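Shown next as structure tokens: one chain only, the form predicted on its own.
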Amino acid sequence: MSLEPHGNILINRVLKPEDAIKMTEVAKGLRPLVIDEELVKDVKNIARGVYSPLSGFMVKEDFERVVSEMKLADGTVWPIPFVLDVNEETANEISIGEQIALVEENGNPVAVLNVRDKYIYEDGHVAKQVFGTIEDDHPGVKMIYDMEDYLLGGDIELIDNSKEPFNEYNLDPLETRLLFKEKGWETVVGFQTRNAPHRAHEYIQRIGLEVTDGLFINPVIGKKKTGDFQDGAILKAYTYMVNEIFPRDRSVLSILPLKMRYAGPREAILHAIIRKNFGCTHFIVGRDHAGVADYYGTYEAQEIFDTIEDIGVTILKLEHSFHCKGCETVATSKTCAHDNELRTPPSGTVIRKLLQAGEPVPAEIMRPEISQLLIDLGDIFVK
């Protein structure tokens, strides 16, 4: 089964090494614009085709339609705006048609942006449409409010294609598609996570493996909220799962360098599209996918797929799972007839509290070897 990337084109804006050397020299003579670590991730994801069919930061026509309709200007489904913000003074200095150098804080040139558009936006409207709220307690809304007043749009050309940190885990869509083909996988299920694995995660991953040829474990690596697992802890735990628990030839672990927006339903669509670009035919959407606090309904991120046109990925809508003493296994309300007092849900709060105290999580909630691995690491949560 050959799955076309989103928009039927796998974007590649990565300059060849010899061209990158030349563009580095060109960039020295261009206006520099410093971008932070999270924007660097977006630039590289765009260039490598992770966000196909985006070839750069959104121009106004794309931005406004994404915010209001979850579609690009050409009608392709796209739920989250990817933009480059600048202050008014900088915007006034930049001309349409100009090339500017996107550089890291240390001055390293990352990419060149071919400026096609500059425009203003209304932050409250964007927040309400994308996140469903204007409350700045929501981390995604606060991110919008903290942005500058002007946006630049245009294609990028990537100079720096380095993949640190976690280089050995950082596969791009060209690489994953080739790897899946080499393994003979015609169907692949993508699993999104920002946590170390517990039994309920393992349960739904096994469901995915039952209905596809391979499992693509693709944890988000990047800026997260306080209390989330540290990147290194997630990778250490999942490396154990891939090497020791799942069949070696049926799972792949690779990171997704990406800042969580916590946009709930809209972000679930984005995550499905991204995994489609990696070559996945299926994608797991579970309970409160990409949610935060109580801003979204428990299964709202699943329901949104019934309101949009088919994006070409089979969505596995899985129920909240728990350990049941009556069933003596992990189950869901679809497979368990016992009362709630026999059910132990995988509480993130309880897991964090125990691990922070250096105490093992009960074996019915998390594998003892995973629990001990995390305890041994020590500093495993974002502060």
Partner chain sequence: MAQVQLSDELYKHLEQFANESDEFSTVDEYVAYILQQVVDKKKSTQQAEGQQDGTYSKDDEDKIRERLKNLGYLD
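Just so it is clear, the structure is predicted and the values come from calculations on it, not from any experiment. Numbering follows the first chain given and starts at 1.
From this point on, the text means the form predicted in complex with the partner chain, which you will not see here.
- Interface residue remark: residue 9 is counted as part of the site for the partner chain in the predicted complex, having a heavy atom within 4.5 Å.
- When contacts are judged by a 4.5 Å heavy atom cut-off, residue 13 counts as touching the partner chain in the predicted complex.
- Taking the partner from elsewhere, residue 61 is found to have a heavy atom lying within 4.5 Å of the partner chain in the predicted complex.
- The closest non-hydrogen atom of residue 211 lies beyond 4.5 Å of the partner chain in the predicted complex.
- Per the 4.5 Å heavy atom criterion, the partner chain in the predicted complex is contacted by stretch 249-257, the sole one of 249-257, 139-147, 189-197, 262-270.
- Using a 4.5 angstroms heavy atom cutoff to the partner chain in the predicted complex, all of 163, 175 and 178 count as contacting.
- The listed set 128, 206, 183, 225 contains one residue whose heavy atoms approach the partner chain in the predicted complex to within 4.5 Å, identified as 183.
- Note on the partner interface in the predicted complex: the residue among 158, 233, 171, 241 having a heavy atom within 4.5 angstroms of the partner chain is 171.
- Counting a residue when any of its non-hydrogen atoms is within 4.5 Å of the partner chain in the predicted complex, there are no hits in 265-283.
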